[in-house]
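Next up: just one chain, as structure tokens, the form predicted on its own.
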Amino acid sequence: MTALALVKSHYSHQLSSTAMAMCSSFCPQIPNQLRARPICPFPPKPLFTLSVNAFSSQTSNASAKADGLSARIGFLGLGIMGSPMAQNLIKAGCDVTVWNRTKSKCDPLISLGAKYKSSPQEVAVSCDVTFAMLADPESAVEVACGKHGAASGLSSGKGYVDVSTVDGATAKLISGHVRATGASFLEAPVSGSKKPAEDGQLIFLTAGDKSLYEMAAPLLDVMGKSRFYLGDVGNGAAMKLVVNMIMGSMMASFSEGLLLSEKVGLDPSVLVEIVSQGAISAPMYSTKGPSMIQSLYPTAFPLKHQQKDLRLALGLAESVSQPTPMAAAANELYKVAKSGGLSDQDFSAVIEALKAKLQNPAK
């Protein structure tokens, strides 16, 4: 049975047909007992060598001394998120080996000093810890567990960190394959989109092997501003889906507000300014609002991924019998936007679905 068939069969009894997963620009408050603590010094028996002076779990410093990050790092998946994340590791002086289905996407990183391998398996063989940033659960499983997948190159003492946005069932499936090799596994989906990835300002929502979390902490700090350790595998995926469910619903509501203000003769630019100064202020309103008013949607987080994350979040909610009517309504709106050819636009393009509905109301 292929890895893709394996995950599909695994889904059939784990998720409903409304379920599907990836990145956002904020994170909800986490109880203090779950917040990550500064990791220094390292445990006496590390999986691999990472020599550091000090790193804070809440640091906003995206740079690290090259001599403080001596592990051999693999990075699989060089899309909108993966490429800038890998670039930050290279710029920090890390020894990075990359792979991507489309080899040309590796070229800019190779020019910066990265090495290249022709398969995830070869990357895992040559590296101490391998990161993976894939677009969806199917891709995440195929790259980790498929033919010439990363798991085939893992062994005791190595680590695999999946920073993709997937559902809990997928995270556990990949974890099982990784741990069967003797390697350690950490899920670490990120909150943040293209710009935070470029600036090293991501938020990591991690779960899995605590020893790998501690050892990879300096690498996470290069790529992000904060990190949270949430316990068992599946918790990181669940937290990310909740975050992106909230974000998708917020964007849908914000879109309604922009269009309503314009319809009644108000200046939507003033609305953006008012909202950005009030209690409901969120960075994405002030960042995306001006472009939305001009019907411009430069892609930071593709709409198709937001809809995927809403589907997965709805599946998670159904699994615990939690009603989520707002998210369900938002999901339908994103589906309309996808059917209108907006899949690869930024998720803020969901406003176009509302324009269509207003201009062509159902009879």
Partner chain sequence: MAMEVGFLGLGIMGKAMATNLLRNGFKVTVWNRTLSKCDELVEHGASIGETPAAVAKKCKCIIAMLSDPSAALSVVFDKDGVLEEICHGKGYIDMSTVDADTSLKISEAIISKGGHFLEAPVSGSKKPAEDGQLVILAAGEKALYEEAILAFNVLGKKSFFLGQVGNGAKMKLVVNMIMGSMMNAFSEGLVLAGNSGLDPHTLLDVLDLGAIANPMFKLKGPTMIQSSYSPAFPLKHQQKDMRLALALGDENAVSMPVAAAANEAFKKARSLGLGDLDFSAVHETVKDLHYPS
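Residue numbers count along the first chain shown, from 1. This structure is a prediction, so every number in the text was calculated from the model and none was measured.
Beyond what is shown, the protein has a form predicted in complex with its partner chain; the following relates to that form.
Trainee: Just to be sure I understand the contacts: of G182, G278, P290, G113, which is the one whose heavy atoms reach within 4.5 angstroms of its partner chain in the model of the complex?
Mentor: It is G278 that has a heavy atom within 4.5 Å of the partner.
Trainee: Within 4.5 Å of its partner chain in the model of the complex, heavy atoms considered, which of G176, P108, P283, G157?
Mentor: Only one listed residue qualifies here, and that residue is P283.
Trainee: Quick one: does S321 come within 4.5 Å of its partner chain in the model of the complex, counting heavy atoms only?
Mentor: Yes, S321 sits close enough to its partner chain in the model of the complex that at least one of its heavy atoms falls within 4.5 Å.
Trainee: So in the model of the complex, is its partner chain close enough to E273 to count as touching (4.5 Å, heavy atoms)?
Mentor: Residue-level check for E273: yes, a contact with its partner chain.
Trainee: Residue-level contact is defined here as any heavy atom of the residue lying within 4.5 Å of its partner chain in the model of the complex; does L316 satisfy this criterion?
Mentor: Contact check for L316: yes, within 4.5 Å of its partner chain in the model of the complex.
Trainee: For L89, is any heavy atom within 4.5 Å of its partner chain in the model of the complex, or not?
Mentor: Result no; L89 lies far from its partner chain in the model of the complex.
Trainee: Where, among 158-166, 90-98, 256-264, 135-143, do residues come within 4.5 Å of its partner chain in the model of the complex by heavy atom distance?
Mentor: The contacting stretch is 256-264.
Trainee: If you look in the model of the complex, which residues in 217-243 sit within 4.5 Å of its partner chain (heavy atoms)?
Mentor: Heavy-atom contacts within 4.5 Å come from K225, S226, F228, L230, N235, A238, M239, V242, V243.
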